[in-house]
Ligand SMILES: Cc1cc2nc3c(=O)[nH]c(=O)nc-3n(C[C@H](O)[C@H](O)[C@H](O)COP(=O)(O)OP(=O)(O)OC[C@H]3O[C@@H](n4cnc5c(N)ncnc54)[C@H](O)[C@@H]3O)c2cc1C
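Presented as structure tokens, the chain that follows is alone, the form predicted on its own.
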């Protein structure tokens, strides 16, 4: 079967591995000119551990995991620690969970993709229609047309495949009332281990060490903001305004790092909620179909598990339509479980008042081991 995958990040690379491994002819198109880089560390958890094992990359994932101290130190404007949180086993309670650099995991996944997979960078999909043979006719940005048996949208929360096949993005976005912006590597500020967090009502500045460098994460509460997710200059201005007047600790320096970062990232903390992730000879994998949100810690796991589930459904079911229905059914409970925990950290990391900040710190102090 001929398959076209849109997106060469975690979801797309894992899907390419599994579909090629099951004997399909796979082409991957990616809008950027290479594997996307940047972003903070990500988690390989629960079912994704078994996926990594089956791909033959698990030992490398463990070996290259982030060697940092998992502690959050909540500081005041002077930088003095007011409370600490050391996450124990979380709601997924899996001692094999691994935190790893997104770039490192992407490199491991790319190396696991069979050589006969055709990668086309600086290329994207502009139209998808039904071909005369019942397949999908996919028009690329250069005007060329590929006729394939299946299109896989693995192109993130702002999926072009989803937009073309299922309709406008906004109808599927469930906004959690937060925005986040990131600079992966800071030059002027840093922490040696763990994370340090300064809060003012509805705003957060976090510095997070991965053992070798420090990332800066800015987050703020807000209703939905209408903006062009490709207009980076406008996004930088949104962040600058959101953190205007936030002084103390190293907040001004951290904000400057993020706003001026070459690898600047900005997006809403949202989920993608859809009644089905499959259409006519089309399937969505990862954030394109079921983004659980930035703070769920489950995006990578859902992408890797979804990729394998799609490949196995295509292998086991009698025909593509039945396989797509089986994929939907297999992933639904996994996705619902992940999305249900997504906003548990919001009250902790984004208190809305000064009183709430003090109450959080007091509760953490009271719960700390003697």
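These figures come from a predicted structure and were not determined experimentally. Numbering follows the first chain given and starts at 1.
The form predicted in complex with the ligand is left out here; the points below concern that form.
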| item | value |
| --- | --- |
| Contact residue in the model of the complex, from 182, 272, 128, 85 (heavy atom within 4.5 Å of the ligand) | 182 |
| 4.5 Å heavy atom contact, residue 294 and the ligand in the model of the complex | yes |
| The ligand contact in the model of the complex: residue 299, any heavy atom under 4.5 Å | yes |
| Proximity of residue 310 to the ligand in the model of the complex, heavy atoms at 4.5 Å | no |
| Touches the ligand in the model of the complex: residue 32 (any heavy atom, 4.5 Å) | yes |
| Interface segment, criterion being heavy atoms within 4.5 Å of the ligand in the model of the complex, picked from 234-242, 279-287, 248-256, 219-227 | 279-287 |
| Residues in 100-131 with any heavy atom within 4.5 Å of the ligand in the model of the complex | 102, 123, 124 |
